[in-house]
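What follows is one chain in structure tokens, specifically the form predicted alone.
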């Protein structure tokens, strides 16, 4: 009865842990800010609904919103226009529409391991073959060209910076190395940069403006805490966007109209909201890393971006089993293997939670692992 394409597609390990959460669980597994969207964006959404802006809109999105996105991204590439933007249902649909536009049966796509849970399944659903490239703790979870297995069937590379789940940030030297090999091998680059504003030291380095055969994905979900509003965008050169827009149309017809007014207001308004959120995340990051590293058997690098800690552990137990034992004590974390085989012996902890809950949750984790030593 079911289509063969679904045979090897499993439910996300993140969702599995989410479903285990008890009513009073401390949730260090959620990949979303624990803030509400900016007030001006909320008011713009209400106004749009009240003003009757509830009908279908243009398939690629409102011209005003696309122009505002261009103004933001011109910091990386000056010649962008609204014809380089399609507004989507979050970064998820942006990536899905793009992968289905370019990837066909037998195409190999390099994906990070550990990496975000969508990459592999989306490639497989499009008929392609995901080929994992490892990210190692000793290299700060930054990719290395020599670990990428490029063959005659390789069509694209997916990159993610800042990274979910590791919090790593790709530096300019590595970007150049990836771009150089993509140019030499005639490969597409899909760049997922949805955490671009959540960087704690230095600055975010984008693939935008560095390579012409680039599919750039971004979102309002993380930066403006609009995860449930499902609004994002994809950018590429016009000839690519025309094809992506067709897949986007047959996926959802057009992005939700009132939400676009809210996203536009978020971009046009003061960015103090984002700065305050990042400052708070940095404070929490410093606490969670320090607390985890106090637990014997754990080692946690300090993430440079996003809002995830990705500690390794030395206990003789799998990541999933450890996460399940912690869940039994009413703290939800995500096993590293939810993000690929190279995530074994790691946990992902989101610090999109209060400092009180972070400290209490890590304290409970410490008690759980005492019996493992």
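What you see is a predicted model, and the numbers here were worked out from it, not measured in a lab. Numbering follows the first chain given and starts at 1.
As for the form predicted in complex with a small molecule, it is not shown, yet the points below apply to it.
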The one residue among 206, 260, 101, 221 placing a heavy atom within 4.5 Å of the small molecule in the model of the complex is 221
Interface check vs the small molecule in the model of the complex: of 216, 281, 133, 195, the one with a heavy atom inside 4.5 Å is 195
The small molecule contact in the model of the complex: residue 119, any heavy atom under 4.5 Å = yes
With a 4.5 Å heavy atom cut-off, would you call residue 293 a contact of the small molecule in the model of the complex?
-> no
Please check if residue 271 has a heavy atom lying within 4.5 Å of any heavy atom of the small molecule in the model of the complex.
-> no
Is there a non-hydrogen atom of residue 33 within 4.5 angstroms of a non-hydrogen atom of the small molecule in the model of the complex?
-> no
Of the listed stretches (221 to 229, 167 to 175, 196 to 204, 249 to 257), which one has a non-hydrogen atom within 4.5 Å of the small molecule in the model of the complex?
-> 221 to 229
